[in-house]
Structure formats: structure tokens, C-alpha cells
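The chain that follows stands alone, in the form predicted on its own, written as C-alpha cells.
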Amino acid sequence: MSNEMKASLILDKDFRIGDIDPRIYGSFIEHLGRAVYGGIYEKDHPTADDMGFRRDVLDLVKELNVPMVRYPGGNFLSGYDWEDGVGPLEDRPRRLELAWKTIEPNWIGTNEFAEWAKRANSEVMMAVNLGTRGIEAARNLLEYCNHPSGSKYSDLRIKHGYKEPHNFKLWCLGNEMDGHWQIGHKTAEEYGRLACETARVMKMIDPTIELVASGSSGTWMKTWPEWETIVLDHIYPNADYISMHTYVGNPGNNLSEYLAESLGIDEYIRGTISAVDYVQAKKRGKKQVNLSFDEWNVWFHSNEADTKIEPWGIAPPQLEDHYNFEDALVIGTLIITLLKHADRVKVACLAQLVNVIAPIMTKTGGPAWKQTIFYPFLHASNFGRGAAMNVQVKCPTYKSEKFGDVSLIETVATMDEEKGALTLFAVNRSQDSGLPMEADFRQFPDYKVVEHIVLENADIKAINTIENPNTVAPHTNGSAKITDGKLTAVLPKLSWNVIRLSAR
């Protein structure tokens, strides 16, 4: 590690990466564990509204400012019959849910979730089953959701009490279709052909929708990135995005390596972009297919606990990771990495939103609280709007066995010119000391520091619990200031920092 323990940054108005699509701060709700039943919906809860939605959870989702939520899966999607979840509750069947070995009661379906999303100030990223279903079911679901009236399925929606169409504009064509764990998983050729024809029919019904083709399930799959090239070779004319999925963890309890995982995400994004652009060049196409990173998070804490769950229950506590402070730091580095690719990553979904590997936890019949990872996502979603800006960084590094040289600082800036807002996001990976930072801000002479938010904790394993929900929480006592065109601050060791500036 370098002996010169300080960081020098340069930010220029011309260091523009690209416009940030607000949907990069999307999330995900799957019919899995207590995400739906006991998460967003609990009809006997003291805060339940007229539809049984937990208002305490809605308040936290609105605080996160989530613009879009992917639904209804996930692995659940590949065995789901959407017709089970619409119409009178007394007519809805209970199904064996094979992906997670539970009973699905279908108390919540398409219409209810659309209403929940409205109450959460969010949009729905809808998904069609290309595991056990196909073109016909996808066509019918789109007609049910988006066609105004005068057809079989649009009139059925009206009969079910929803006169106005939902007008879902973003649709996923299946989920992780290369995964051997996926119901109805397929080869790239099989999926590419099915997705191509499904997309063509869906855009006949509603040409205004955008479609996400299912990419490989991650770089650890032998199918990546050849899967992307084969699938896009079929669906390129009708695909707007290709999906990406990644989860990271620290099962070996190696903090240095864990904090470097964002470099792997960066490699994954760059590799997928190369595969996508190869197809565009091969086809001599004009349209650019962008990326939908519609599953990403930390996931490893709950793996052992999930093996002990008895099958065929309703909404058992599955995938309930209890996040600690080091997880929050990693989430901060992953958010920064997504923003560094804002020119191509236009959609992203923190997976998931409530109880299941989530920033929000609930107790059945009791309160809801914020997990440690709630805060980096909250700050980015609320303050990281406008355009992403590249920051030139010179600072000490450390050696990672997996990723080589790792900068002690992971950082990106965002600029919202309309609001006169500039935000610098930074994670200090140093486990030894605070890091003095000096940033050249001469290009922004009229800006002043609004606040310097810091998330830090002496105990990297500290968690928030129902009894102590604020053990890990941010403060605004950071040291950032601007003097003579230089922004200076000390970034505390192992900290997430948000330095907000505004035009005077």
C-alpha cells in the first residue's frame, strides 16, 4: 500500500458519462418468502390500508423513492399462471409453487400489485412466463393489462373492477432461462427463438412497450457471454435491453476481497456490453441495446437457514439476510459502479425490496425497520439524479488476490443541472485510517457544500434489529468544505460518504 495516505480527485463538467435513467434505482418483489405476504401485504396488520397493504412498509418504500418494481419474479415466474391471480379472491386456486417449494394462495396478483405500485409512487416492470408458458399467455396478459377495452382480455380486466388499463411499459421476457434450476430452462437457441416470436407478437399489440431479453444468469455460468450473442442474434430487432443478474457475499469473512467485489461487477458490465455491441455490429444495426441489471444485491447470510425450512407452507421466512455494516459499504460500491455505466445501464433492480434479501424488514403483526443497506440506496436514489460524471482519482491502492490493484476510494459524481445540484458519492475502503481528500472543483466556482453525510460504524458486523433499529445509521457531521476552488474532506475509515453541493 502506498505511504502517501491521501486522495486527489478532479471533476470537470466535460467528464460526463451519460444521463441517469431513474429506473436504475428500481427494485424487485417476487412471490417468495415474506416479500408479498407479511411484507407488502398483511391484511390484519395495525397499519393495513383498505386493500390490506402495510402502510408502514409503503412509507419506507416511498422514502427510498423507488421509481419501478419488477414483478412477479424471479424463479417464481417460470411456473406462474397469471390467470390464477386475477378475478374474485374466492375463485383463485392454491398452487404448489415449485421454484421455492411453497403454497401460493394467489391473494395478490396483477391488479392488486398494480394498485400497490401506485400507492408506492412507483411503476411496474412486468414479466411474462417463458418457462411453462409462451407466446399465447404473454399475448393475453399484455392485452389484459394494456388494451383499453373491446377485446376478450381487456374486457375481463374491466369485469374484474379495473376500467383503466395499467399501461405497463417495461416487460421482462422470462427469467434466467439458461439456469438449470429454472422451470422450463432452455438452450440459447430455444430461448432466442421463443423470445423473438413472443416479442414480435407483444409489440403488435402495444408498440410502445420496451422489452428485456433474459441474459445469462451471471459470469459464473458457462453460457456467459455466448448466450447473449445467440439470443440477441434472434431478438435484436425487438429487444430494448438484455438482463444481468449478480449477487455477492462474504462467506469467507475476507473484508478486503469483499470490498473489491464491485470490480467484478464492472468487468461483468463491460463484457456484456461487448457481447451486445458485437451483435449490433454483426447485424449492421443502428439500434443500441442497453442493459437491465434487474437483479443485484448481497446474498449469502441466509443460505444455511433456508435449508431448514419445511416445504409447502404459505410465505415461510426465506432468504432473510440480516445485513451488517460491511454489507452496506459493499452496496455503496455496487451503486457507484452502476452509475459509472449510466450510459448503458438504464434499468437496475435491487433484489429484493421487503424481507427477502431486502433493505426493509418487517415483523408479522409488528413494526418495519431499515436494514443497513437501506441507507446507500436511499441516498443514491434521492440525490443521484441527472447525469453521471466520471471522477479522476489518484489515491493509494491495495492488492486483491481476485482483482489485482484496488483503489482505496470508489467514487462517482452526479450533476442535476436543472436543480443546480452536484453530489459526490464515495466509499473509503481503508481499514486503517481516515483518508484526507482534496478535489479540484474549479469548474464549479458557484457551488457550496450543503451537507456531508457519513455512514460509519466501529463494528463492521453491526446490524439493525427490531429492538435496536438505528445501530447503523448515517450522520451529517462530515468535514467537507470548499475553499479556493478545492473541495476538501476527511473520509473516515470504512465509510460511505455523500457530499451534496448546490449552486449558490
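Every value quoted in this text rests on a predicted model; they were computed, and no experiment measured them. Sequential numbering from 1, following the sequence displayed.
Form predicted together with ligand AHR: not shown, discussed below.
S.K.: Heavy atom within 4.5 Å of ligand AHR in the predicted complex: which of 327, 176, 104, 410 fits that? Just give me the one.
M.R.: Of the candidates 327, 176, 104, 410, 176 is the one lying within 4.5 Å of ligand AHR in the predicted complex.
S.K.: Check each of 75, 146, 223, 318 and return the one that places a heavy atom within 4.5 angstroms of ligand AHR in the predicted complex.
M.R.: Going through each option in turn, the one that passes is 75.
S.K.: Spell it out for me: taking ligand AHR in the predicted complex, does every residue among 268, 336 and 403 have a heavy atom no farther than 4.5 Å from it?
M.R.: No, the whole trio is out of contact, none within 4.5 Å by any heavy atom.
S.K.: Quick check on residue 228: any heavy atom within 4.5 Å of ligand AHR in the predicted complex?
M.R.: Judged by the heavy-atom cut-off of 4.5 Å, residue 228 is well away from ligand AHR in the predicted complex.
S.K.: Within 4.5 Å, heavy atoms only: does residue 232 come near ligand AHR in the predicted complex?
M.R.: Judged by the heavy-atom cut-off of 4.5 Å, residue 232 is well away from ligand AHR in the predicted complex.
S.K.: Find out whether any non-hydrogen atom of residue 53 is located within 4.5 angstroms of ligand AHR in the predicted complex, and reply yes or no.
M.R.: Residue 53 lies outside the contact set for ligand AHR.
S.K.: Even though the partner isn't displayed, in the predicted complex is residue 300 close enough to ligand AHR, meaning a heavy atom within 4.5 Å?
M.R.: No, residue 300 is distant from the partner.
S.K.: Using a 4.5 Å heavy atom cut-off, which stretch among 38-46, 473-481, 448-456, 23-31 contacts ligand AHR in the predicted complex?
M.R.: Answer to the contact question: 23-31.
S.K.: Enumerate the residues of 232-251 that have a non-hydrogen atom within 4.5 Å of ligand AHR in the predicted complex, in sequence order, or give none.
M.R.: Sequence-ordered list: 245, 247.
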